[in-house]
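A single chain, nothing else alongside it, follows as structure tokens in the form predicted on its own.
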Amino acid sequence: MADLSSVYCGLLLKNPLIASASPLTAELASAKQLQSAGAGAVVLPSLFEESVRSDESLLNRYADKIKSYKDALDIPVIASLNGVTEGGWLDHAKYLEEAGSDAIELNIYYIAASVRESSDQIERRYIDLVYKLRAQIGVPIAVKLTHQFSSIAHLVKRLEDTGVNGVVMFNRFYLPDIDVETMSVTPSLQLSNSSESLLRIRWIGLLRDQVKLSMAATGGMHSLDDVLKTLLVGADAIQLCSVLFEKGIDELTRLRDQLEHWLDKKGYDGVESIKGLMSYGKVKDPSGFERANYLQVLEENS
């Protein structure tokens, strides 16, 4: 049988399928179900600095949750932190580390909406934050990124240079909607679909041979094909969320078993043996990741 284990941010996972931050990881009962279904790790829902400001006991409750998860589960428990101020990031991250989290995912949810703020200033905001956190936090750190950067590759390399252990690509921004009857802005939540996986696959494939840090994909991972493509371009982990809401927690088991069957059928020893086989630096025609792909699609559909 194929070895499904994968190393992500220095953590040895039983398999690369991670239950990403969601209501399914918010309660110990469902976290246990996710582990039984085959999750390689769980990411807790984000701790928001704004919420801690309004209710200071929330930080203690979050830390207690980490401790209870660590006592009950035998898979890595990854805390998720969404801060606003530098002090909030640093203080809360240290608290989560002391509570026993195996790693911390930094969910830097920032909308670059000001015309006075340059792309370099925004990028520097990320780098400075991670640099300071890395100096104080000993557990692995992963940064969850949006795709809305002018140079994703450059930013990922700069993050690697700070000592960060991994990046998660990409955060899905929840877009505002307009209620034309009440003339108000309303939140909009839509589950992902497989077409969204291609953006993640492209960038992981482009970066795999240029950086050594871990990379995880999140957003649009719904089928065995999505999982295989993401591993083949070089991902170390795949975070699942929408598919578990659509098809149930048992879909984790099906995807894990399908992955194992495919590896056995194709004669591969395990997940590590297929990682990066289709990355930019290894495919016969790497231009497929770049502009040539755009031209080919237009020509074939004109």
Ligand SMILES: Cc1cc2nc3c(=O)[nH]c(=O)nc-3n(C[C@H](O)[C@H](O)[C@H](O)COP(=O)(O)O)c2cc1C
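Since the structure is predicted, the reported quantities are computational estimates derived from the model, not experimental observations. In case it trips you up, residue 1 is the first one in the sequence shown, and so on.
If you look for the form predicted in complex with this ligand, you will not find it shown, but the lines that follow are about it.
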Contact label in the predicted complex: Tyr110 to this ligand, heavy atom within 4.5 Å: no
In the predicted complex, does Phe48 come within 4.5 Å of this ligand, counting heavy atoms only? yes
Can you check whether Val180 is within 4.5 Å of this ligand in the predicted complex, heavy atom basis? no
Given that the partner is absent here, does Ser30 sit within 4.5 Å of this ligand in the predicted complex, heavy atoms only? no
The one option of Thr146, Ser192, Ser223, Thr162 with any heavy atom within 4.5 Å of this ligand in the predicted complex is Ser192
Sole residue of Leu240, Val271, Leu34, Val233 within 4.5 Å of this ligand in the predicted complex, by heavy atom: Leu240
Sort through 110 to 118, 212 to 220, 150 to 158, 180 to 188 and report the only stretch with a non-hydrogen atom within 4.5 Å of this ligand in the predicted complex. 212 to 220
Heavy atoms within 4.5 Å of this ligand in the predicted complex is the criterion; list the residues of 58 to 75 that meet it. none
